[in-house]
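Coming up is one lone chain in structure tokens, specifically the form predicted on its own.
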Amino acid sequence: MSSEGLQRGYAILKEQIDAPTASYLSSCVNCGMCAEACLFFTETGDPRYTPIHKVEPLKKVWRHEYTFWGRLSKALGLSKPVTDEELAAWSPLVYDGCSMCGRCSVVCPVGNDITYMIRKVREGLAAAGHAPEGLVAATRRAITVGSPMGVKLPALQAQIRHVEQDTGLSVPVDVENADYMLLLSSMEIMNFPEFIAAVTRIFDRTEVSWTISSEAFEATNSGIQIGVSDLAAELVQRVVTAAEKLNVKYVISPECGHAYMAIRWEGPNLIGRPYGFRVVHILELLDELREQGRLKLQGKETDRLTYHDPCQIGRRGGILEQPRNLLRAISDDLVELPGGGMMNWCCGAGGGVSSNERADEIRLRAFNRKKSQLDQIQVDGLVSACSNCRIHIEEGLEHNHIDLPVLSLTELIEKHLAD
């Protein structure tokens, strides 16, 4: 890595130290509780994966640049700044061994948002050139093509034609003044187009006014995952521009965990202004339609089901009761995962880990925590609301020779639409 790369990374790390970060770094009591909350630590036993340890480069910059003793040591030549070798060594810890699930932040006894700080470390590593190639490539495609998986408009249009043939319904595209604009993740377009069909049928039956934008249909924000705020802001702005051009009242985040966090919670801060519309998760909307009596359901699932809370939707997004309301409407045999809900364990693939081939081995190892939850209950199916979780859980189950279907909650609700 060139000295210019190190200088960029160091400068970005220095810029990341705001008042909250300084207070977090100075108040850590080194209790170790965050370690037991992290599946990458619990499943490896490696102390390097302790969440607070992952922010060490940021802490070193803070001490060196902003504390009295750090500045004095710097002036006397007694301390050294962060090196490029250190940044390179930390890249696998913050990209491969962290899904940004936020569980460590919840358990911190002094209220430190460790996830917030790890995100800042990613900003510095990306600037220094130490982001994993898989995320670099995905982000490049997101910026140049519009999708981290390289999904272009013709691919979406082809899937829409299939959905229209299968459902006999029209999928509205670029309709102005609709109430809702639906976003889709690349995985839903290419891996789970059944989601588009399910939404189409549900919205037709509930008479929801909706559309998809041909200019900004991608929900995934690779800039958030890699840790480059400028690129994350550019991707958010595409959605905002399209939504305001179509003059919609709401933007719907689909079954994608980090996409919801990116567009709803991070987005306004990234672009520096409030939206002219509201963001809702698809589960929020479905539960609202149920409460209003517009979403009429019939029949009950005969299988014993459980629900996996995606971290960014549940713990960090607050969408906890809505999926359970919906599931209870179609199932009398719903069992909670041990420790589910707010403190549910991550599947292990979030935060860009699934896009990072370098992390494949540890990702599957981290899945053992989800396996241990499932081992404690007897169920016939696992339901979730994140396409990324869905793919990784399916892979983890197959890796462990477990035959258990993984279901989309939206698709499941569509199957129970009343006639």
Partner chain sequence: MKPGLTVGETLRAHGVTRRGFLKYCAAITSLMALPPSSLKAVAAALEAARRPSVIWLSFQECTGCTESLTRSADATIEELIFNAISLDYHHTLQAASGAAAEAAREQAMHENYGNYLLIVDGSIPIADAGYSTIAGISNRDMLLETAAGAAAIVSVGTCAAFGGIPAARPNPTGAVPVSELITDKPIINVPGCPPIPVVITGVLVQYLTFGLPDLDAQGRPLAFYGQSIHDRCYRRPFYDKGLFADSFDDEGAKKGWCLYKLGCRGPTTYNACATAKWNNGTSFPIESGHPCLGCSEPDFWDTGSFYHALSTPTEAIGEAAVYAAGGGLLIGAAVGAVHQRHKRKAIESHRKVSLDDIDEGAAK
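Positions refer to the first chain, counted from 1. None of these values were measured; they are calculated from a predicted model.
One more form of this protein, predicted together with the partner chain, exists but is not displayed; see below.
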I need the one stretch from 143-151, 201-209, 188-196, 288-296 whose residues put non-hydrogen atoms within 4.5 angstroms of the partner chain in the predicted complex. 143-151
Is every one of H258, E394 and P405 in contact with the partner chain in the predicted complex, taking contact as a heavy atom within 4.5 Å? no
With the partner chain left out of view, choose which of V121, M100, A127, M181 has a non-hydrogen atom within 4.5 angstroms of it in the predicted complex. A127
Out of L337, L231, I160, I330, which one falls within 4.5 Å of the partner chain in the predicted complex, going by heavy atoms? L231
State yes or no: in the predicted complex, is some non-hydrogen atom of V171 no more than 4.5 angstroms from a non-hydrogen atom of the partner chain? no
At the 4.5 Å heavy atom threshold, is R8 in contact with the partner chain in the predicted complex? yes
Contact flag, D380 vs the partner chain in the predicted complex, heavy atom cut 4.5 Å: no
My question is simply whether C347 lines the interface with the partner chain in the predicted complex - judged by any non-hydrogen atom within 4.5 Å. no
Just to make sure I understand: among 52-84, which residues lie within 4.5 Å of the partner chain in the predicted complex, judging by heavy atoms? E65, Y66, T67, F68, R71
